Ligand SMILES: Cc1cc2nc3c(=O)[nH]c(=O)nc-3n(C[C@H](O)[C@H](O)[C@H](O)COP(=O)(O)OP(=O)(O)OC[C@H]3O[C@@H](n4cnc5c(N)ncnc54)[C@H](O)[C@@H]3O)c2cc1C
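Below sits a lone chain in structure tokens, taken as the form predicted alone.
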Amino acid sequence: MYDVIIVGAGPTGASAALFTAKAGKKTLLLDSDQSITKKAWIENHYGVMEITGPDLVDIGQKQAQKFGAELVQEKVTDIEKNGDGFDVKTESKQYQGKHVILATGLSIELAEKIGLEIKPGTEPRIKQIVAVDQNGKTSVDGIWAAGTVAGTSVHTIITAGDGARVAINIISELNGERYVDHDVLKG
């Protein structure tokens, strides 16, 4: 049983996984290799002079794995409520998790299939998004959404930040108190 299963390992999902794994939460990242960031050239990501989208995605996934997140390259086909958690089904396996984060970028296909509330998008060319509250919670308790699928701008710096924000909210809920992750220089 995973504490958090994240669907999508682009900037949003990998950022969320970095935070949940670093906080000691058992984290699974499921990715179908569809991230639009893989086609991007990026010069507007704070702290990075310039980087290719594929390199940004690769580094983000490696950061999450460094802290213990497990990365599996498979497409999620369904999510079903099961007791206190969820069964997350891929094309070949099934995983159990307490919380699920949808970080599916432009795609609302899975969200629609599992019956999440959908609403009109507000970003250019984003027709529909998953309805979320101020914390990233969807209409199904235990399923969260972050990044473009939840209505944020498609810019990598913003989607990565939103993934981190939703992860902090989940960690806080799991811990029963507000979670903060600050590292300090050594020496």
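Note that residue numbering follows the sequence shown and begins at 1. These figures come from a predicted structure and were not determined experimentally.
Keep in mind the form predicted together with the ligand is missing from the figure; the text below concerns it.
Novice: Just one stretch in 116-124, 137-145, 62-70, 29-37 has heavy atoms within 4.5 Å of the ligand in the predicted complex, so which one is it?
Specialist: Every other range fails; the passing one is 29-37.
Novice: If you check in the predicted complex, is D87 within 4.5 Å of the ligand, heavy atoms only?
Specialist: No, D87 sits far enough from the ligand in the predicted complex that none of its heavy atoms falls within 4.5 Å.
Novice: Residue-level question: is A103 within 4.5 Å of the ligand in the predicted complex, judged on heavy atoms?
Specialist: Yes.
Novice: S107 versus the ligand, in the predicted complex: is there a non-hydrogen atom within 4.5 Å?
Specialist: Contact with the ligand, yes.
Novice: Can you tell me if V7 lies within 4.5 angstroms of the ligand in the predicted complex, counting non-hydrogen atoms only?
Specialist: V7: yes, in contact with the ligand in the predicted complex.
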